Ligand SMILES: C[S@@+](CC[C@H](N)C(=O)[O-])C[C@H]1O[C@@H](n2cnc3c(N)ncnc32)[C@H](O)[C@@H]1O
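The chain below stands alone and is given as structure tokens, in the form predicted alone.
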């Protein structure tokens, strides 16, 4: 696979992400562009040099590498689907072995001490495990007092419940039930009393970023993934941001 344009991922809103090899990003992506999403998240959460950061559901560790390289954070790149040894290869290739520690773990069985982290971030992953009413209590156990939890995930402009819009029915997958609006996430977190929600919004033009990246990836999809990739592009083109986007939420441990 070779990307022929000099940088098809150049984006005026994500100047830090523009410095990364687009072929590296596309070869290692597992969904919407993770660098755009983590950069959008760091616009609203402070990451400082030396901070101990848990990157939960890091996938291929692109977001962990970004946090270490751009902000000098100490990052624990934690994922279930990608083996730690595979992520270590990418971390070493980026010359960040002293900054990023790869961990293979399930989100409900994390091998960390309480109060271990200055921040927890999660990109395109938290909705897979964090909709459980009790999960936030588990997650905040690993944060220091006054530390922040920040996530960005595919979401909705507003809740639609079981009334799926007719034009989206051909594309709707059952697990889209985990997509929620910023307002839903705010209530879901604040009702626990464990955190104060500082930010709950949608990323500006997030659906356009999602669609643009999906269109770039589409010609590179394998035969096995071609239909899903084609459906995703068609769905986003039809929706035009009416329903789909990215929910971005940041909260401080109470």
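Only a predicted model underlies this, so the values are computations on that prediction, with no experimental measurement involved. Numbering follows the first chain given and starts at 1.
Although not depicted, the form predicted together with the named molecule is the subject of the following passage.
**Q** Within 4.5 Å, heavy atoms only: does residue 206 come near the named molecule in the predicted complex?
**A** Residue 206: no contact with the named molecule in the predicted complex.
**Q** Examine residue 125 and determine whether its closest non-hydrogen atom to the named molecule in the predicted complex is within 4.5 angstroms.
**A** Residue 125: contacts the named molecule in the predicted complex.
**Q** Report yes if any heavy atom of residue 58 sits within 4.5 Å of a heavy atom of the named molecule in the predicted complex; otherwise report no.
**A** Looking in the predicted complex, residue contacts with the named molecule include residue 58, since a heavy atom lies within 4.5 Å.
**Q** Would you classify residue 89 as touching the named molecule in the predicted complex, given a 4.5 Å non-hydrogen atom cut-off?
**A** No, residue 89 is distant from the partner.
**Q** Only one of 171, 71, 142, 129 has a non-hydrogen atom within 4.5 angstroms of the named molecule in the predicted complex; which is it?
**A** None of the other options qualify; the answer is 129.
**Q** I need to confirm a contact call. Of 133, 159, 167, 106, which residue comes within 4.5 Å of the named molecule in the predicted complex, counting heavy atoms only?
**A** Checking each option against the named molecule in the predicted complex, the one that comes within 4.5 Å is 106.
**Q** From the candidate stretches 217 to 225, 58 to 66, 186 to 194, 43 to 51, select the single one in contact with the named molecule in the predicted complex, where contact means a heavy atom within 4.5 Å.
**A** Going by heavy atoms within 4.5 Å, the stretch is 58 to 66.
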